[in-house]
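Before any questions on binding or motion, here is one chain by itself as structure tokens, the form predicted alone.
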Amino acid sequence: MVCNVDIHGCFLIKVINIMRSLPQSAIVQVADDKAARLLLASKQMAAYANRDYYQAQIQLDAYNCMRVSCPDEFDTLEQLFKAALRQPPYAVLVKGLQFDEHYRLLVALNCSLGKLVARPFDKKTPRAQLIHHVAPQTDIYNQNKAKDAVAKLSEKMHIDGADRLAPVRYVTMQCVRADSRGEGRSRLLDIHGIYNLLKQGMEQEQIDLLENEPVPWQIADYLCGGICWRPVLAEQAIHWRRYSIEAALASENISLSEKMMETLAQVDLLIEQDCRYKIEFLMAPGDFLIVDNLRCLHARSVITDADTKRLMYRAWVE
């Protein structure tokens, strides 16, 4: 057991800081000559702006053009990362790719998993476009920093799209620029690791509660707001972004049982403080990460340089 309750009812978590490396089964290395052919094929396609890719047909055109122009390399790559996604940690890191500046290869790779979706386009907001430009300077600050000592919400394990009616299935990241100090390391925690933590750190009754009792999730304003109810654990899927639950509880005249509130707090402590099942690695420019958003939580480590140039291109796929 890594979690106990003292005589005052407080949770005592044994902090375990050792994280695992990404297994070789979750890494796909693209040879230089194959990466060059993929890049050349992408540059022969029509160039579109980020905003244009909201059109599903343009996404599909990018995908089909890559398959026609570079069938062996593209089809083989697609088969390799789809095979890797079917096993733990339900994430795959593709290394060695060369990306064009108009997102053509990036969109085609994402489109092989489904349809790309995003918030409505806003040219003033880098994250409000189909290919989100994710930089630490635009991260959301944690309103509960004094309580859990995490400055930004991207540093807490979570799924993306928890504020949608249904979370997106895949989250992808293309590393454009890494942090110069090697900070902002990617972190993953898959569904099996989560269940191991829960079984070792809480009672079965609490796990049953997480599987069977829905909790409220605040829906994003661009989706008309409101509340959606779904359980944290369901059919080998994990729905976890604590602040979306807290936002729902704060904005609506609703409440949860004391047992559920205690259980959510305990889940948060276990997931954040016990690192034995977490995977950590540093993405380099050109790396392409795919995460099954329903089977694997993700986060990044702290970045201390306020002027960091770290930049990721992120996409949501359903």
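Residue positions are given as counts along the sequence shown, with the first one as 1. The shown structure was predicted, so the numbers you read here are calculated from the model rather than taken from an experiment.
The following text describes the form predicted in complex with a small molecule, which does not appear among the structures shown.
Using a 4.5 Å heavy atom cutoff, none of 164, 291 and 318 lies near the small molecule in the model of the complex. The small molecule in the model of the complex is approached by residue 127, whose closest heavy atom lies within 4.5 angstroms of it. Not displayed here, the small molecule is approached by residue 154 to within 4.5 Å at the level of heavy atoms in the model of the complex. Under a 4.5 angstroms non-hydrogen atom cutoff, the small molecule in the model of the complex has residue 139 among its neighbouring residues. In the model of the complex, residue 158 approaches the small molecule with a heavy atom inside 4.5 Å.
Residue 134 is the only one of 191, 117, 134, 247 with a heavy atom lying within 4.5 Å of the small molecule in the model of the complex. Site annotation in the model of the complex: the residue of 168, 173, 232, 91 reaching within 4.5 Å of the small molecule with a heavy atom is 173.
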